[in-house]
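First, one chain by itself: the form predicted on its own, in structure tokens.
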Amino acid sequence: MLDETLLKREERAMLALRSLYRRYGYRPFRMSRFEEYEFYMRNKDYLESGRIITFTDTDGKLMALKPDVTLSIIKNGMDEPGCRQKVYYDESVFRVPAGGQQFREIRQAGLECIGEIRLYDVYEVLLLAAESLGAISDRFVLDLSHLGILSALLEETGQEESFRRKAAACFGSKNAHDLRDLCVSRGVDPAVTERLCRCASLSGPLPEAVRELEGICPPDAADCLEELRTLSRLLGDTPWGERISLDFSVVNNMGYYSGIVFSGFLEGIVDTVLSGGRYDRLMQKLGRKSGAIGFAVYLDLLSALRSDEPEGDPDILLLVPGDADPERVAQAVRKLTEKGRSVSVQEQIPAAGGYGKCVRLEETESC
């Protein structure tokens, strides 16, 4: 039987996530570690970093180590009316992290729901995002926003694309002050400016924030507001309802995402641990007619979580002399491991690393 205490934190998390996703009908998706370089260059605006590791294949074709999973899933899928492609993955991607200088292999898990996306599908993916965070730690927050509402507010300004990009950046940094200055400098209607600034500052538990949003949301986004109301009721009936908030600083890439977008955070980790949303625009750009929603969990960040017990340290450090009878050592180790203990056999106490208890060979009978 597998002893999960001996696994790394990200490996334990993946076991839990795999079981969770299968319970909701998601199937594992496997892919090659590389794709044609041209494919990623055509969609480089979607990638977190435009820098890609490339190599030349045996046939002379320029290939790239995979910097993203979602693009590969879309490319290798097909539209099937009335059905949803529901897949989960556990893959490594190769990219330069935000603020970094060097390429890293980043392990991530996640899922994608592709097809005729209904409101239930959005709810299910949000629930699974919360369940994913909860499977790692119950000290989490899931923030979500709605790009349909943000787009409608920006449309009311009557401004061009450059203004909208700057305004969206202000939303992302929760900078209502600079947003107001931007609107004033461009002559935006004061009432529209006020609604924009109120929305940029909006953050709080989902039910209360949705009620506050009712006085901000433009008429053209009434269906988006109703979607949030319904999601608030559905998610409020789950064990994680109190950990889900509305926060319009969750913007993501508005050129690719539409509708609900969300980010997840764990106590003890500064960076975003989970990120996702509805990406119908990306599907359209890649020639697909279906809608899609999904998220990724960045497993490599979990090593930053503190634990009461150092990961990987053995329960018992078994000290044996160099000339010890190997059969006697094997018998002692077997008895300890059969009791569920992890054992490291050494002649001296190592300078690095810890252990639960130090035991000499002649003392194993009492363990």
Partner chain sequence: MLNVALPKGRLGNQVYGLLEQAGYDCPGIREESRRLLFDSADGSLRCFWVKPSDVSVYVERGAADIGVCGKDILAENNPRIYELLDLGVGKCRMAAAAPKGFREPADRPLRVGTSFPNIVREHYAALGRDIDVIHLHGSVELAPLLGLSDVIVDIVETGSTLRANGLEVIDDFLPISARLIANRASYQFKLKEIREMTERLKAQVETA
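Residue numbers count along the first chain shown, from 1. All values derive from a computational prediction rather than experimental measurement.
Although it is not shown, the form predicted in complex with its partner chain is what the next lines describe.
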Taking its partner chain as it sits in the predicted bound form, is Phe265 in contact with it (heavy atom to heavy atom, 4.5 Å or less)?
yes
Using a 4.5 Å heavy atom cut-off, state whether Asn76 contacts its partner chain in the predicted bound form.
no
Heavy atoms within 4.5 Å of its partner chain in the predicted bound form: does Ser173 have any?
yes
Considering only heavy atoms, tell me if Ile269 and its partner chain come within 4.5 Å of each other in the predicted bound form.
yes
Report the residue, out of Arg139, Arg107, Arg198, Arg164, that has at least one non-hydrogen atom within 4.5 angstroms of its partner chain in the predicted bound form.
Arg139
Its partner chain in the predicted bound form has a heavy atom of only one listed residue within 4.5 Å, and of Arg211, His177, Arg118, Lys289 that residue is His177
Quick one: find which of 124-132, 139-147, 76-84, 190-198 has residues within 4.5 Å of its partner chain in the predicted bound form by heavy atom distance.
139-147
